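Next comes just one chain, in structure tokens: the form predicted alone.
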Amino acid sequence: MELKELANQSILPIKPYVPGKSVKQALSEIALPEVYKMASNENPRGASPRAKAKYMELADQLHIYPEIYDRELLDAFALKLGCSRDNITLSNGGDGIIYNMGMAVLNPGDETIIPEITFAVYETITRIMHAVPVFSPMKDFAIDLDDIYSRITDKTKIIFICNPNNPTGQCLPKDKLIAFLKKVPEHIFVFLDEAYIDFTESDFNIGSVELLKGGMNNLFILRTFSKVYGLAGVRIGFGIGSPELISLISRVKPPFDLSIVAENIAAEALADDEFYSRTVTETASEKEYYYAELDKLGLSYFRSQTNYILINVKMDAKKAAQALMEQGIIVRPAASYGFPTCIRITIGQHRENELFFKALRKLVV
């Protein structure tokens, strides 16, 4: 008997997640003393100094199980967000939040609605739970809220919306998204992935937590420490929802899915306003540098509300990514997202960005 016959049949159509190439992988393939990883939207400034200092204190606690329900940490989140600790769930990265939410509410035969071009893990958890993913076509590469609404049936359980959307970096218009959220039937959850919301201009920020507090109980919000807070390696994400939904999620989430390292340094990172502000300000400034340089090169791109930019390099994306890596710059080819001539690049610090454009000019000029 083949192993496939014994497998969860719902997962067989899933394509394994392909991460951006690591520095270690790149150095094993090319003869360069140094490379810059600009593929996975990490914070090029590293982590908060306060978080680093706390990390150094943890050596004598590594043999101890973490807290299952860390009230002190939850209170720190609640204070920052202006909500109750009962509105918050924590997990191993944003992916953990997606998995826990799906396990808590999806039944076999339920439907989820997912934009055609977006984060792949929404489809993964749908299929794992023997639910049915319903894909909504994009409109000019943007999420089409009207089309999503038209696909609601009596089987719809979750609508996944990544805003800003990955990989384009685009945000939905504020008024249209709020109007959409208000008309979605209250028995259907809207999973609003705001992993990149910290980089979003205020004109596009819908104030999702306030909407939830105002009674939109079918709204569930994802946030992460992997981007603006520079803790991608630590793995900590958090979800914000109604106390009833958070209680359901607590029934399925693994008891120790947040490490003692993550628990201890998350509060320090959350409190480091200087590091947070510097990251947001410098990223916005460097984005403008990108736009100006790309305009000079005559390359099209998506104006981004995140810490990355999707660029049309007018050649095969995988070949472009390989050529850039050979010059010491790791980027993400976007062919798997449906953009065969586009690369996605994390906005680095200025020196990294200058090196990227030096390499890019050799390809396109």
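Start at 1 and count along the sequence shown; that's the residue number. In this text the structure is predicted, and so the values were computed from the model without any measurement.
Only in words, not in the display: the form predicted together with a small molecule, which the text now covers.
Participant: Indicate whether residue 112 is a 4.5 Å heavy atom neighbour of the small molecule in the predicted complex.
Facilitator: Output for residue 112 is no: heavy atoms all beyond 4.5 Å of the small molecule.
Participant: Answer yes if any heavy atom of residue 226 is within 4.5 Å of a heavy atom of the small molecule in the predicted complex; otherwise answer no.
Facilitator: Residue 226: yes, in contact with the small molecule in the predicted complex.
Participant: So in the predicted complex, does residue 119 come within 4.5 Å of the small molecule, heavy atom to heavy atom?
Facilitator: Within the cut-off, so yes.
Participant: Please determine whether residue 93 contacts the small molecule in the predicted complex, using a 4.5 Å cut-off between heavy atoms.
Facilitator: The answer is yes: residue 93 has a heavy atom within 4.5 Å of the small molecule.
Participant: Have a look at 156, 166, 136, 242 for me and say which one sits with a heavy atom within 4.5 Å of the small molecule in the predicted complex.
Facilitator: Residue within 4.5 Å of the partner: 166.
Participant: So the small molecule isn't shown here. In the predicted complex, which residue out of 269, 101, 143, 222 has a non-hydrogen atom within 4.5 Å of it?
Facilitator: Partner contact (heavy atom, 4.5 Å) among the options: 222.
Participant: Choose one stretch from 70-78, 277-285, 226-234, 125-133: the one whose residues place a heavy atom within 4.5 angstroms of the small molecule in the predicted complex.
Facilitator: That would be stretch 226-234.
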